[in-house]
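Next up: just one chain, as structure tokens, the form predicted on its own.
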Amino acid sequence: MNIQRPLVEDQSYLRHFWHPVATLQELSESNAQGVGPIGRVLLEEAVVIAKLDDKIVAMADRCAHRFAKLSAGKVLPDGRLQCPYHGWQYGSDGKCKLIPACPNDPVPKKAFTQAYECEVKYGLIWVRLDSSWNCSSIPYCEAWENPEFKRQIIGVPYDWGSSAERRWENFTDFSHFAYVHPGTLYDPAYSEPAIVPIDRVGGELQFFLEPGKDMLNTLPPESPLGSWTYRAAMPYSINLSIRLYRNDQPFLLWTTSSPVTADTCRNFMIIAHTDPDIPDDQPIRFQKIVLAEDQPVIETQPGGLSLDEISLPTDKVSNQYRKWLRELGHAATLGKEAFEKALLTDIIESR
């Protein structure tokens, strides 16, 4: 049996990062009141999202009594989350506030479900499963910071049968453009990718690519060909800022992959541009074409990243990414100080 060696054996370091689990729209559409609950899976853990007392919260999706899923319950008018099985009521801190079967007895100290740190940003609901080290931030997104952008579009999340790491590599892989996206994103004549300087800055991999302008004549007008500036926040978010060749206007593709399991991910996308008259479905429609080209290929890749895969100099972005993942995984075993140093120490190559 050919057993692949994983790039990072212990994946628990990912719990120290923020990951999106749902959009605000998904929560608002969950029921008539728009308060949930909705269930999600993050790093193989079931999580329930609900709006309690006007605050969006995240908790382990398990009642302390008989382990029924709280996401199958309901939010009560008084801002508590009620278990569907025996009616146990939970507050925003995850503690049980009432046991209807014995309302006059003290609530046991063990009657709680784990509450997680939860924030809303960019129209997404973010969760950090372990906030004890508090050395990571919600990744940067340019969509609302650049005044040139007149329209911000939050796409519908999509699921892939792929690890989040492989989805990240797919988005930043220069070599695949000519073979997976001929005529949509790239001209197949440009099959030899550039090898670019890569910096580590503030927990991000930053790099720049300027594809050949000659390709502009062979691609559809919706293709975002231009100078590409990447700010890739570890471990899974990418802010791709594009200065379009066709009109010298900025265009943003932002994506992040949420690790559901070791080999499945839920992906979130934000698009920003300068033309308020373009219908939102137009840029989304083109991205769906690109994703439909990528998905069947990426889903053929087995599981997570492996030490047994062959890497080339032209895989520089991926190689640097994998190196950093290994460093973070190892540093996390040494404690907060080592992890924070591995994440936030800048390494500048572009000067």
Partner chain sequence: MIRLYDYALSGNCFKVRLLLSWLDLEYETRLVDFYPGFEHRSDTFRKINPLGQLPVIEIDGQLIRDAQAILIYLATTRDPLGQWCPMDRIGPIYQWLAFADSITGTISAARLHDAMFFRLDVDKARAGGVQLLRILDDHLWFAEWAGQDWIIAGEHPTIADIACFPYVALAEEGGIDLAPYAAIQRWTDRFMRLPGFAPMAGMMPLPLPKEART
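For clarity, every value in this text was computed on a predicted model and none was experimentally measured. Positions refer to the first chain, counted from 1.
Separately, the form predicted together with its partner chain exists; it is not shown, and the next lines address it.
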Sole residue of P224, G94, P182, G79 within 4.5 Å of its partner chain in the predicted complex, by heavy atom:
P182
Check each of E145, D275, D159, D214 and return the one that places a heavy atom within 4.5 angstroms of its partner chain in the predicted complex.
D159
All of R266, K288 and V297 with a heavy atom within 4.5 Å of its partner chain in the predicted complex
yes
For the interface check, one of 150-158, 80-88, 114-122, 229-237 should have non-hydrogen atoms within 4.5 Å of its partner chain in the predicted complex; which one?
150-158
Would you please decide whether A178 lies within 4.5 angstroms of its partner chain in the predicted complex, comparing each non-hydrogen atom pair?
yes
Residue-level contact is defined here as any heavy atom of the residue lying within 4.5 Å of its partner chain in the predicted complex; does A292 satisfy this criterion?
yes
May I ask you to check whether D281 falls inside a 4.5 Å heavy atom distance of its partner chain in the predicted complex?
yes
